[in-house]
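Here's a solo chain for you in structure tokens, the form predicted on its own.
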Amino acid sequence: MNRKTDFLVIGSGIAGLCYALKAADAGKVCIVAKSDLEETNTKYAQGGIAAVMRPPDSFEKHINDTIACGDGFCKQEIVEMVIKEAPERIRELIEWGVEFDRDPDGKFNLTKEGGHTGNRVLHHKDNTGEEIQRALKQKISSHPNIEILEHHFAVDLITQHHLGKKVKRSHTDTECYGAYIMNQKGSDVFSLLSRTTVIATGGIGNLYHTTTNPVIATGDGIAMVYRAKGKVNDMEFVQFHPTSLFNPGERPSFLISEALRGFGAVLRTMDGEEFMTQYDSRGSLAPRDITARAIDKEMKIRGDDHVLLDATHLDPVKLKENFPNIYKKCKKTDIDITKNMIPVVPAAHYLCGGIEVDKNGKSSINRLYAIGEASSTGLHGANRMASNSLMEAVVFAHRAAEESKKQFNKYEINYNIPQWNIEGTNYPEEMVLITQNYKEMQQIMSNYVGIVRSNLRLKRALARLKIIYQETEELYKKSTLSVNLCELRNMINVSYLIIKMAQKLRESRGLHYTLDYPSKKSGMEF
């Protein structure tokens, strides 16, 4: 069965929903959501969205902070473009119903996070992402031009090779005609054909044991583009959030927002010593790559399972007012953050690389765009600065929508697409095989391709990954299709890309820190 739409959006976070609202002015939009519409990385974003909203802050300061945090890998043109366009996109979010916290005088209550030299982070308490997702979902749900397919899974992009044509990785004429979509309720796969396709599938956190990402963050969009011979870059830059709540067995890990450190909380060792000033003059407000490595080192030196985040010296009333969800969550684990220090550990949080795109979100494959965390725009460089990701998502969603609407009449829906081939897939997969390979993949990535790497670790990781790659591909060829199997396949593809790009970068830069090429900048060995 073939279905068709004008704009196919795969993913339902801030990037996908903002794009959909704008593209719907020109034609029919179909949003494919792997879970419920609101179950996205966006929902779990606590801190906020960065933008220059008033003096004494300036575009120049925000640009300089972003480039410094990106450790020399940012694209200057992109940084300037995104930061200068961000305030207008923020105003648009507000028009769509997003409510950001304000001071008694009506001005935005702007906070400060790691890497920022000024207060420029708009927020809604400590659940900003959830507030944004709420407002966008409400606006999307009532739009007559937008169809939502919840609990549907994008299996693969449709390109020329599905028409029997060979597509080389260097081929510049590759086109995307839509995607094969699985209905999770019945497991049937259908072709969803489109004039334009947008990847907004979010991150890759579940490659690792400990992550702040929801279970749906399995790198699906990046893997699909890689298999379709599209360009992917900067995958070695995986950001670990320094402070997730240490609560063994909980998945995803609960994020303790960086805004809490911006509010004045201090990182300490288990015996109560402040340690971050040994690693960076900014102390507990150092950028995330430095902070995560420092915590990792302190844990290894001392043999501790976690470090502590101390907010006990702060005003208890204001603490509870500004961080109600963190207070409530910690209270459930018998931690009163006004009286007790919070046990925290680093957790896989954000991917700075992804599908290579231009300034309008266009990928190397014609008719295919990528926005949000699944894309690599050049904004973040080697390390994302806190709260710059939601900003990037809204700016690129706008630019991608405007660009794809200009191209709208140039593209026709290709109806010559064959049905999904189910030949040879008569055997249900053995769940134990998928589960075992999933655990092994996470073990490989967590142990060898984490916060601190080395040539030997990466070599071992690749050798072990190849084994489970071969086993999983065999399973995929002969088994009935399932989301679990497709996700495992995608995560193995993405793990391969991270390892190969990490091996290629023979220096420590930003989030990629290797023992074989330690950073000379800070003078501090990790």
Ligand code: FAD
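Numbering starts at 1 and follows the sequence shown. Model, not experiment: these values are computed from the prediction.
We do not show the form predicted together with the named molecule, though everything after this point is about it.
Chemist: Please tell me which of L308, L207, I444, A154 lies within 4.5 Å of the named molecule in the model of the complex, judged by heavy atoms.
Modeler: When the named molecule is considered in the model of the complex, the option within 4.5 Å is A154.
Chemist: Taking 4.5 Å between heavy atoms as the contact cutoff, choose which of T197, S389, T291, T377 touches the named molecule in the model of the complex.
Modeler: Exactly one residue meets the criterion: S389.
Chemist: Is the gap between G202 and the named molecule in the model of the complex 4.5 Å or less for some heavy atom pair?
Modeler: Yes, G202 sits close enough to the named molecule in the model of the complex that at least one of its heavy atoms falls within 4.5 Å.
Chemist: In the model of the complex, is there a heavy atom of the named molecule that lies within 4.5 Å of any heavy atom of G510, even though the partner is absent here?
Modeler: Answer no; every heavy atom of G510 is more than 4.5 Å from the named molecule in the model of the complex.
Chemist: Please tell me whether any heavy atom belonging to Q46 falls inside 4.5 Å of a heavy atom of the named molecule, as the geometry stands in the model of the complex.
Modeler: Output for Q46 is yes: heavy atoms within 4.5 Å of the named molecule.
Chemist: E39: heavy atom within 4.5 Å of the named molecule in the model of the complex?
Modeler: Taking the distances in the model of the complex, the answer for E39 is yes, it comes within 4.5 Å of the named molecule.
Chemist: If you check in the model of the complex, do T174, G354 and V494 all have a non-hydrogen atom within 4.5 Å of the named molecule?
Modeler: Checking in the model of the complex: none of T174, G354 and V494 is within 4.5 Å of the named molecule.
Chemist: Which single stretch, out of 327-335, 279-287, 435-443, 369-377, brings residue heavy atoms within 4.5 Å of the named molecule in the model of the complex?
Modeler: Going through the listed ranges, the match is 369-377.
Chemist: Which of the residues spanning 243-257 lie within 4.5 Å of the named molecule in the model of the complex, based on heavy atoms?
Modeler: Counting only heavy atoms within 4.5 Å of the named molecule in the model of the complex, the single contacting residue of 243-257 is L255.
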